[in-house]
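There is one chain below, alone, in structure tokens, taken in the form predicted alone.
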Amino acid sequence: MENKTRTLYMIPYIGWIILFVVAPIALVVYYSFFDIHGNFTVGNYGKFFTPVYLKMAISSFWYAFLITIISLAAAYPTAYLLTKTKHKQLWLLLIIVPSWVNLLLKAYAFIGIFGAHGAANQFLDIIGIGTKQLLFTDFSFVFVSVYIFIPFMILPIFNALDNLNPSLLDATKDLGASKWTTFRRVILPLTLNGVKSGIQVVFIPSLSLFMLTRLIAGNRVITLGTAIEQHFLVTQDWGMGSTIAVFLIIAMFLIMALTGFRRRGA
């Protein structure tokens, strides 16, 4: 009876997975075998390994890496400090709330902030540096991307730190361990699962960014996400766009698998 009930409850879940995960991926793979004229071909996969697309792939991974590393460097100490504050849940909520704002609205807000007469340049004028070209640069793209993704890095790390057993930290003090040794030998290993979860939820979406590359970077940053948008909406080459999407899906699954295996072995 219990097995039948469990099977019954699994039906909506399996249906959801098939309809919204398996079917879209299958369609993307299907379209990847057609050229712009609708003819069956495997040439799209060979075309992906040309210098143009390989350069886009390297650029995508590089920017995703930068965004993830900077987010992690800022998120870990922030999450640690949050666990030490009196109203930590309130402060955590204040950090998460901006992630509820529409991405497009945040992008346009930063266009105003980084513009020639925006708040950032006004501040630079006040301190004597003068007006700089901040918008449509690598800096603005990475900065805005980090701002958008950092709450998703903070949350899993905060949960991991908040669930630490305080007696373990007390034991390290009793044994005479320094703060650095305590962090390296106790805190970091025990919160590594949170770090890996944060890396997943930041690195994977960063690989396929395209809206920010247009609005914030002014197309000076070209990624695979940008190429997919171009092929689907401009050139109408759905086959090549789907092929790029297939490689992105494979990369995302590899990242999830690697971090997943390490998490189970941690």
Partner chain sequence: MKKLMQAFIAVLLLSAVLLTAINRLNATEGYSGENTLTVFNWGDYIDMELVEQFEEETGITVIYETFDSNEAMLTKIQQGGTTYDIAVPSEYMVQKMMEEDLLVELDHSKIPNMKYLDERFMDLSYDPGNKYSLPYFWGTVGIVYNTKLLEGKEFSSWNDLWDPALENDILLVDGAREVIGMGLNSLGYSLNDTNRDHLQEAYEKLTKLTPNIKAIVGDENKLLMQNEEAAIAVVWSGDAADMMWENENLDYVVPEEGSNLWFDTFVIPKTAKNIEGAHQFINFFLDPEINALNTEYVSYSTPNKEALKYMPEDMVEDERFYPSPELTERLEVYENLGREHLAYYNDLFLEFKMYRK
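Positions refer to the first chain, counted from 1. All figures in this text were calculated on a predicted structure; none of them were measured in a lab.
Below, we turn to the form predicted together with its partner chain, even though it does not appear here.
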(message) Residue-level contact is defined here as any heavy atom of the residue lying within 4.5 Å of its partner chain in the model of the complex; does residue 227 satisfy this criterion?
(response) yes
(request) Considering only heavy atoms, tell me if residue 129 and its partner chain come within 4.5 Å of each other in the model of the complex. (result) no
(request) With heavy atoms only and a cut-off of 4.5 Å, decide whether residue 70 touches its partner chain in the model of the complex. (result) no
(request) Answer yes if any heavy atom of residue 80 is within 4.5 Å of a heavy atom of its partner chain in the model of the complex; otherwise answer no. (result) no
(message) Contact check in the model of the complex: 85, 161 and 259 versus its partner chain, with a cutoff of 4.5 Å between any heavy atoms. Do all three pass?
(response) no
(message) Using a 4.5 Å heavy atom cut-off, which residue among 66, 199, 222, 29 comes into contact with its partner chain in the model of the complex?
(response) 222
(request) Scan 187-206 and note down the residues that get a heavy atom within 4.5 Å of its partner chain in the model of the complex; none is a fine answer too. (result) none
